[in-house]
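Before any questions on how it binds or moves, here is one chain, the form predicted on its own, in structure tokens.
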């Protein structure tokens, strides 16, 4: 198991605090990093990849600091958001240079494998200056994978990719996570994070606002009512029964849809079957209406 660990990490630039006392661990699987623009996401990723020194605290990969320990870099594949490459290089030359810098035993064979993995074999000998944004992204991912690292850190990896390329890259990341790799990626597209991540980290104003499964985070928001939609054999009778429940704040029947709000997620899900039996109706569906990553993210940012 490969574990990235941050303990009390801060990073400041003069009087500007980019990251403020952040602590968390990232292990095998896929973790999504979220935050509004300027929240400190890219700074955190650079700290974990070993490109920045923390102003305070520690950043370790399996107990070894990532800053100024070159041996750690062989265990990390990093895809930065910014593009920095010589435009005259082909993708094959770019990826092979990364393989040689990483000390790969057979850089040419590793290059071919990495290029094939990201689906760039047909265009590998073209200059990257003529690539689309999505193709350049795939070349960057190939360079990050070429030394077969157990840890991947990806800053907006889906930028510029078309829908087919996005799906292919998601499948690739899932397969690598299933093999036991530790994958951390940032994205401003909530749907990508929701579909791909086992766990999320939400950073707001340089601080860690929440960490964990976003559904569990949503259920801990006790100051924000939970909303459900229901379908039953008789929605009116069920609505009357639910209005008497102490944990239900409101019930609305509109356009053939029954919606309720409750402050107690657990009490509602435990008691809904009994309420349906008392009302003498058959319950067909109970679905959270706001248990989404977008809901969680919006709540945390507004706070």
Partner chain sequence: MTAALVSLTFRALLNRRRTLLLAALGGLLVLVAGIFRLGDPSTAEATRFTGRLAADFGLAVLLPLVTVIVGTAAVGSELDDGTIVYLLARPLPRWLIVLVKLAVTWLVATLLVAVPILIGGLVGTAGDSEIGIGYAVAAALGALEYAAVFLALSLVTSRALVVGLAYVVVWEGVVAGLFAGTRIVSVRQHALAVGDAIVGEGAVSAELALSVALLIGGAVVVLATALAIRRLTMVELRGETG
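All figures in this text were calculated on a predicted structure; none of them were measured in a lab. Positions refer to the first chain, counted from 1.
Another form exists, predicted together with its partner chain; not displayed. Remarks below refer to it.
Interface membership of residue 164, defined by any non-hydrogen atom within 4.5 Å of its partner chain in the model of the complex, is ruled out.
Remark: residue 227 does not count among the residues lining its partner chain in the model of the complex, judged by a heavy atom distance of 4.5 Å or less. Interface membership of residue 82, defined by any non-hydrogen atom within 4.5 Å of its partner chain in the model of the complex, is confirmed. Residue contact check for residue 26: none of its heavy atoms lie within 4.5 Å of its partner chain in the model of the complex. Stretch-level contact check against its partner chain in the model of the complex with heavy atoms at 4.5 Å: of 118-126, 229-237, 91-99, 177-185, the positive one is 91-99. Scanning 63, 266, 246, 70 against its partner chain in the model of the complex with a 4.5 Å heavy atom cut-off leaves one residue, 70.
Proximity to its partner chain in the model of the complex holds for all of 39, 46 and 144, with the criterion being a heavy atom within 4.5 Å.
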